[in-house]
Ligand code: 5GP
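Just the one chain here, laid out as structure tokens, in the form predicted alone.
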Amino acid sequence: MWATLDQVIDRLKQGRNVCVIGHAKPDGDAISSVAGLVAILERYGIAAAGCIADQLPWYYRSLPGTERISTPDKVRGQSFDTTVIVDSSDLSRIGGAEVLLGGAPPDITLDHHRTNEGFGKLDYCDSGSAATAMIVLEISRAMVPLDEELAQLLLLGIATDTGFFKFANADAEVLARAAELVQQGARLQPIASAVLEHRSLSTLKLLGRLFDTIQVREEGKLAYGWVSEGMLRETGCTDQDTEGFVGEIRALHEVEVAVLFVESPPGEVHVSLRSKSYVDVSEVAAALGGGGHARAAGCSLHVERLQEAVDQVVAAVAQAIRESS
């Protein structure tokens, strides 16, 4: 049921033991929103636990506050009277953490993806928010004062989901909220260093292999490339090491849509889509069972061969470009 943020806050205040769940394959906003909301609840006097199905990428674990997030195995067995899912457009996004719901819908969902259709008892989705962390910041204002640690956690989500303030969603409100967090003691440099400067030599070698696969279509408006399971194995990398790779494709001059295909494990291909100006890639992703934003979206496909996913998605994106043009 769609609810106002005030209704969500009232329900949160009624909780005594809350489980906050983020999506699998977590990004900065999911990590920020889970850890940030747990910190808010704890400061309010409510017991809370954070959970994400997958291990956090190692470079996020150096940031203060992220230790509040556990895997389902560590949380299973605890008794919760309130479950909250953040930054997830549908239930499937939380992966193995779904077991914590016991077959029931979550009590609350908080999200900013335009493809969210509501799947909780109380649903709040503001697709105009640049990050779910922006929504969590509003919750903080209603429940507890901002302090340095909480400000740092929330800046993580805002910074990463705006591409460190270079995407189109970095509007005046985003910059004002970021400035507010900095005034409370948050520092952008540790976040930027952790997220943007963590690549190992093996990751750079994998990136070079990706560059060899890049192809361009639609008169230069579409660029795509892939990382196969074999490429990961040969370079000693994991799919986590490919974070940010789609941005390298998007950086090509005159490209409108960039697509990255990552095969991991064999038979499963994760697709990241990014656009610059006018193509709504969330519509492409939604048609393929995924979701996201107009300029950043994704999906996962189960196929026998990586090339099947490439052919299917490239055809859909090419069509979207032609229709948008």
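Since this is a predicted model, take the numbers as computed values, not measurements. We number the residues from 1 along the sequence you see.
Same protein, other form: the form predicted in complex with the named molecule, not shown, and the subject of what follows.
With the partner omitted from this view, the residue of I46, L63, A296, L56 that lies near the named molecule in the predicted bound form is A296 [heavy atom within 4.5 Å]. At the 4.5 Å threshold, heavy atoms of E98 stay clear of the named molecule in the predicted bound form, well away from it.
Contact annotation: G28 falls outside 4.5 Å of the named molecule in the predicted bound form, judged by heavy atom distances.
Shown alone here, S89 lies within 4.5 Å of the named molecule in the predicted bound form, counting heavy atoms only. The named molecule in the predicted bound form is not approached by R68, whose heavy atoms all lie more than 4.5 angstroms from it.
The single residue of 100-117 lying near the named molecule in the predicted bound form is H113, the criterion being any heavy atom within 4.5 Å.
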